[in-house]
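Encoded as structure tokens, the following chain is the form predicted alone, with no partner shown.
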Amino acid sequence: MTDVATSPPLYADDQALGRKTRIESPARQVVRRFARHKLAMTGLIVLVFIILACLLAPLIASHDPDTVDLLARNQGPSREHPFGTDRTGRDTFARVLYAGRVSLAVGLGAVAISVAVGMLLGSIAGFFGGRIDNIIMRFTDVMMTFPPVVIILTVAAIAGPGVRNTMLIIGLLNWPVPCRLVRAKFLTVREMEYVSAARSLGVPTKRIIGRHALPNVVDVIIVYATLGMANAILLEAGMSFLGVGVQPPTPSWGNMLNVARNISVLEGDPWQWMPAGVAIVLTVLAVNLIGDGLRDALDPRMKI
């Protein structure tokens, strides 16, 4: 008789078989698909590098961004000043790093505001429908008919410049897009069987929206947030360039570009504005690549 305790296993390698037959979670599938997107990974590496450089600015930059040195004004790149100095002798390299903190914070904060407002109004309009939907969507349509740049500049001129005002203006005037995206998703989700079952069981509406409906719009919001952050950074740069955004002496990539309005600086001292312009281009390009990668990774129909 064969001893049961010493009998060979049914499979030669049960652990290996378990790994082969393990079902991959949706989150892991998204991460794996995103990791296979070469352009998106390149954008992520560039963005992480820029963020770390800005966060570690006190350790990387050897000069204070606001220290004025009239004896070193308008100097070109050198060992002491890698990106040269501006017209008051401030180190351009240090100012680019510290300006990145402000521009990235404005972009992130503006997107957070627009997403919060858009998700709130879009979920209410899409879930309840009817008259509430008509009121919210007609107001959204009216907001989308105005030229966004003109409205932003007008409101900024009235409210006044500054980091907080710039963040609030960009965020509060860019909510219609996420609102329409969330509403479109909710119109589909509210007809799903599990939502109908939750209603029939008497589950409170707030719980249905928060626990069952909102998780189904996360993919849309993530993609919008990445692309919207790039747009917010560009809007901040434009506002600051025109003098209605972040104001000196607080550095931002936009107000550093403002010196290029002087033709002599534009042609003769490119080190005063070109580093900020390159930083904007690299950051926006990286964020857009990440957004494209997330869009493809979250769509199971796309082949990566």
Partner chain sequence: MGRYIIRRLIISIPLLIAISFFVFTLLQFTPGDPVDAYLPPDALISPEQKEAIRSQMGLDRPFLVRYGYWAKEAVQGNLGFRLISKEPVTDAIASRVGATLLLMGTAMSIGILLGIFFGVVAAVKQYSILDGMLTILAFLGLSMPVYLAGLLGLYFFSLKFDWFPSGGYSTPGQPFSITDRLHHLILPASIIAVNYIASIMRYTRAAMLDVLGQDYVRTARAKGLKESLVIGRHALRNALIPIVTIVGTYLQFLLGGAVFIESIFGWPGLGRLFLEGVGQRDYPLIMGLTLILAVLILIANLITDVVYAFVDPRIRYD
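Positions refer to the first chain, counted from 1. Just so it is clear, the structure is predicted and the values come from calculations on it, not from any experiment.
Another form, the form predicted together with its partner chain, is not on view; read the next lines as being about it.
A.B. asks: Quick one: in the predicted bound form, does every one of 128, 136 and 186 get a heavy atom within 4.5 Å of its partner chain?
C.D. replies: Checked in the predicted bound form: no contact with its partner chain for any of the three.
A.B. asks: Against its partner chain in the predicted bound form, would residue 196 count as a contact residue? Criterion: heavy atoms within 4.5 Å.
C.D. replies: Residue-level check for residue 196: no, no contact with its partner chain.
A.B. asks: Any chance residue 145 has a heavy atom within 4.5 Å of its partner chain in the predicted bound form?
C.D. replies: Yes, residue 145 sits close enough to its partner chain in the predicted bound form that at least one of its heavy atoms falls within 4.5 Å.
A.B. asks: Quick one: does residue 261 come within 4.5 Å of its partner chain in the predicted bound form, counting heavy atoms only?
C.D. replies: Looking in the predicted bound form, residue contacts with its partner chain include residue 261, since a heavy atom lies within 4.5 Å.
A.B. asks: Would you check, heavy atoms only and a 4.5 Å threshold, whether residue 274 touches its partner chain in the predicted bound form?
C.D. replies: The answer is yes: residue 274 has a heavy atom within 4.5 Å of its partner chain.
A.B. asks: Ok, 168, 221, 72, 153: which has a heavy atom sitting within 4.5 Å of its partner chain in the predicted bound form?
C.D. replies: Result of the distance check: 153.
A.B. asks: Pick from 41-49, 27-35, 58-66, 266-274: which stretch has non-hydrogen atoms within 4.5 Å of its partner chain in the predicted bound form?
C.D. replies: After filtering at 4.5 Å, what remains is 266-274.
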